[in-house]
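Before any questions on binding or motion, here is one chain by itself as structure tokens, the form predicted alone.
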């Protein structure tokens, strides 16, 4: 009886402490509940949705929309002053200066030849990097989706470079590719003469493409791998029973069902390729000459690093780059939707 009485007493004490602890929680919930009830009563369920979206929209507006409008305002001004109030309004002169060319395919005929050199380099970089990135990521995902020994280990190995800072990536490969770097050390061991890779225009450009693929391929491989694992196994089993060839299985089953993931990868790779800056800036600095100068580095140097900086011209170039990205993304989304509609009709 004494033991039962003691347990009952302990239970009552525990309940009392729990009720005491819940008092501030109840008060806090009451303070939150009152305005939420008022919002729902005044604006309805739609107002509740807007209320919960408001913090995110404020952050988006302050850190995305506001800088965009400030940047656009800078693009309509001239001079070297940094503060907008100290700059003079010039209208679309900065845009006219960027497009002042006799032949857009020959940067030397342009008033801003450096800008069009950067545009040309970026265009070639996007074509090579996007194509190779998607190809390598797809092949790697297909291999990692198989039953391999230590499959989790190999997945981690391919994803590891994504975790590195772009500056670290640039420094690692600069150490490998410099004259007394690891690559030349290995080649010298096989009897080859050392080569200054980053001082050669062609090799330097190839290095920027290769380093970018190495650094980011793991992320896109992971996206494609997730799409592969979402494909029902029954489809492959039925194809195997019918004796379907592997290439036909890939083109008729794997690739069509993987297209949503591939579209995401294409958009992300394209945006990343156009915005390439950090690892290339550390690796080559835009050299030798202007062989690895890309649009983002041109914007940075024109607006901040040049002796006679021109924030207005840099802002105009960034606005044009943003518009190109928007157009390319919309085109890709439009092509995807038209493909989906054709598939639905079939």
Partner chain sequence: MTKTRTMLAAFAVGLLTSTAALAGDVRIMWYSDGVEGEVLKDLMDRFMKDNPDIKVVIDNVSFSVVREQLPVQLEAGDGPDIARLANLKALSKHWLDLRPLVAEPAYWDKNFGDQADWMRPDGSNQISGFMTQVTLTGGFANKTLFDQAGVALPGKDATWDDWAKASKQVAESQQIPFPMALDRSGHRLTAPDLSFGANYIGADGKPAPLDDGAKGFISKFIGWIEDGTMSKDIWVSAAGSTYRAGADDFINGQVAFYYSGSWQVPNFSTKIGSNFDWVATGSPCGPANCTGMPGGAGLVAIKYTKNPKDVAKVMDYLASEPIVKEFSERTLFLPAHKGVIEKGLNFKTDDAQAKAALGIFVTASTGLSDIARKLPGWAWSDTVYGALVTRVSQAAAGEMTLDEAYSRIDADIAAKVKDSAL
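All of these numbers come straight from a predicted model, not from anything done at the bench. Positions refer to the first chain, counted from 1.
From this point on, the text means the form predicted together with its partner chain, which you will not see here.
- Residue in contact with its partner chain in the predicted bound form (any heavy atom within 4.5 Å), chosen from 210, 218, 78, 227: 78.
- Contact check for residue 97: a non-hydrogen atom falls within 4.5 Å of its partner chain in the predicted bound form.
- Using a 4.5 angstroms threshold between heavy atoms, residue 321 stays clear of its partner chain in the predicted bound form.
- Interface residue remark: residue 301 is counted as part of the site for its partner chain in the predicted bound form, having a heavy atom within 4.5 Å.
- A residue is said to contact a partner when one of its heavy atoms sits within 4.5 Å of a partner heavy atom; residue 190 fails this definition for its partner chain in the predicted bound form, lying far away.
- Here the chain stands alone, but in the predicted bound form its contact with its partner chain, taken as any heavy atom within 4.5 Å, falls in 173-181 among 143-151, 156-164, 254-262, 173-181.
- Looking at its partner chain in the predicted bound form, residues 114, 281 and 288 each place a heavy atom within 4.5 Å of it.
- Looking at 133-158, no residue comes within 4.5 Å of its partner chain in the predicted bound form, counting any heavy atom.
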